[in-house]
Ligand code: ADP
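The form predicted on its own is given below as one chain in structure tokens.
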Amino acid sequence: MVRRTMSYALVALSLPLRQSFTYRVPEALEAEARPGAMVEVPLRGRSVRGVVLARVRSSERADAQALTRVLSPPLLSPHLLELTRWVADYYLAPIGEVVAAALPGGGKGLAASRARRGAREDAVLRMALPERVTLSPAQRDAVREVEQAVRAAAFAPMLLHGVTASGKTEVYLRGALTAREAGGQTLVLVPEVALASQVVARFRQRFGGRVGLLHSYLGVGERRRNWELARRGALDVVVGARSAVFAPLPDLRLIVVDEEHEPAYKQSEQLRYHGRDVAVRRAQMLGVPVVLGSATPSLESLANAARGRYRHIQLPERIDRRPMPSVQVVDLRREDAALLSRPLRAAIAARLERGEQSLLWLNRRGHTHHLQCHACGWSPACPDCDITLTLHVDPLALRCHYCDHRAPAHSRCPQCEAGLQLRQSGAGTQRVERELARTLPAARVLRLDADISRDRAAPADVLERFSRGEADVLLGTQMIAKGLDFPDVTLVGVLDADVALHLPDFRAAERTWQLLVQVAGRAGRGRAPGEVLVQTCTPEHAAIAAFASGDTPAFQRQELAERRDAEYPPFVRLATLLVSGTDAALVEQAAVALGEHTRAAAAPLGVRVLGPAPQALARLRGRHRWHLLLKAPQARPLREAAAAALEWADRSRTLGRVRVMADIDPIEVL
């Protein structure tokens, strides 16, 4: 009797554990249980679903349980499995959570999805539409470089640094066309869901119906359908937000990361990966070019270009040599207390008379962010987060913008019972909307912020209505600050440039400057010249002064000098260890113990450890939070130190119910 050699499968389960699980493969499932397949396995007395990462012939687990059944043929290609393993390794993340991120909706219900299995491509819309765009000389040079890189079929990271309205999207379109002519596909990443609708529209004008959209705001059926069409190679272009970096494109020839500087590319909770950096790594694995586009590149990307790691392609002028918008800084210290200064009100009124459109930007939603009783000083606070509640008027409620806790907006102070006469500060978009109705009643106003976006179809609808001229003013948060193209917008008003300027974060000045440049770039994109009014209480700040004067090099030199002195990126690499739990004393005790162990383990590696200290928002969703900051010249020793800390935390009994996570290359250190 011949004894059959035992076979095993390494399976990724969607659990917060940095390991895979070993299962024995029954002989009947040998042919089906291939890497990438979705399977059902037993785990602690229940059945769970996972994805096969690899097959092995031997295992130290003599008691390994058997796979129950195979639910699907391979859904993830060998390349995507390799990419998920790299993400898990680099970001010290649970492999099961990474694999779940690579599947639409985390993979739940995907194997039996009717939308996926019934996906059909629309053959009627496959024909490309004729091009009628004349390129500027700088665009021609940029297109030539991108096309040559696509045809060379080799890894080529390129930083496309173009001022707003310089025609970066046209460069993307020409590169994608070259990829399609070579029989391949293009992946286009955008930072905001609201921006995706306009980008998709531009690509569909050029590529017809073979353009798909992937982001979390889509209904689950549409997301699965588009994901399946991409996997079959039935789409020439996939446009999506951060998670689309895992899109299953079998012949990917070009990756584009639009607005590469945007912090939205970094996942800030759970699986803390950076979509831009994963895109660069994916391009490197496949040996294809990747284009990072921005009018305000991050200092890290500029440093990579200066070091020769990225090709630096520049578009220094707007198309048709249209002028950049003029800038006026309004010092709010010399104005009355109105949300809209006198110059801004006059500028909006002038646009109304001329039939032009205005865009107003305030990076704060809701009505009022800080309320206080005049009689006793009471302020409404979130019971689960260290933050005051924001007043919303539509619908009327007090809300936490972190955990979404809601409380009724009382007419009397709940603490002193006095008639509630609240001191209000920190206006949000709802309050500005009311102010516009009061001071400029003839203006038709549309608002776009996270509250509006709760309706998944709303962002695209708002932007489409504004594009059709159904409103005079578009009021919004960061959703409207970048990438949007409305030719009739001749005025941009920044209602409060100081919102994030004074946060205790080393990127605060850079982000403020980037946002100002980006939102200003929405003005004057048509034939009429544009104007930007910036309201601020600190016009002398370097970020605002540099924006007003247009002296970008001076601002960047100052920022780089300060970062070099303080040892921050791009001169060092960072990682944070995040400690959280429901018991404040235990969290502090665990953070101190972790700090002592990490400092001892990190010193031989040349890694500095700062902290532990409470995070700026020390309690979030009922969990108390501390952190440690790790610094090193190179990424490898930094990750080794962080990995050692996590392994110690996993073994340590002293940490009890406290959770420890790592954030590699954090975008903020608050």
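Because the structure is predicted, anything quoted here is derived from the model rather than measured. So that there is no doubt, residue numbering starts at 1 and follows the sequence shown.
Not on display, but discussed next: the form predicted together with the ligand.
*Asks:* Hey, of 89-97, 163-171, 473-481, 548-556, which bit sits against the ligand in the predicted bound form at 4.5 Å between non-hydrogen atoms?
*Replies:* Careful reading of the contacts points to 163-171.
*Asks:* Using a 4.5 Å cut on heavy atoms, which of 202, 215, 272, 599 is close to the ligand in the predicted bound form?
*Replies:* Selected option: 202.
*Asks:* Name the residue from 285, 152, 508, 133 that puts a heavy atom within 4.5 Å of the ligand in the predicted bound form.
*Replies:* The option sitting close enough to the partner is 133.
*Asks:* Would you please decide whether residue 139 lies within 4.5 angstroms of the ligand in the predicted bound form, comparing each non-hydrogen atom pair?
*Replies:* Yes, residue 139 lies within 4.5 Å of the ligand in the predicted bound form.
*Asks:* Applying a 4.5 Å heavy atom distance criterion, does residue 563 contact the ligand in the predicted bound form?
*Replies:* It does not: once the ligand is placed as it appears in the predicted bound form, residue 563 has no heavy atom within 4.5 Å of it.
*Asks:* Might residue 525 be said to contact the ligand in the predicted bound form, defining contact as any heavy atom within 4.5 Å?
*Replies:* So residue 525 counts as contacting the ligand.
*Asks:* Considering non-hydrogen atoms and a 4.5 Å limit, does the ligand approach residue 409 in the predicted bound form?
*Replies:* No - in the predicted bound form, heavy atoms of residue 409 and the ligand never come within 4.5 Å of each other.
*Asks:* Which residues from 306-320 come close to the ligand in the predicted bound form, meaning a heavy atom within 4.5 Å?
*Replies:* Residue within 4.5 Å: 319, and no other.
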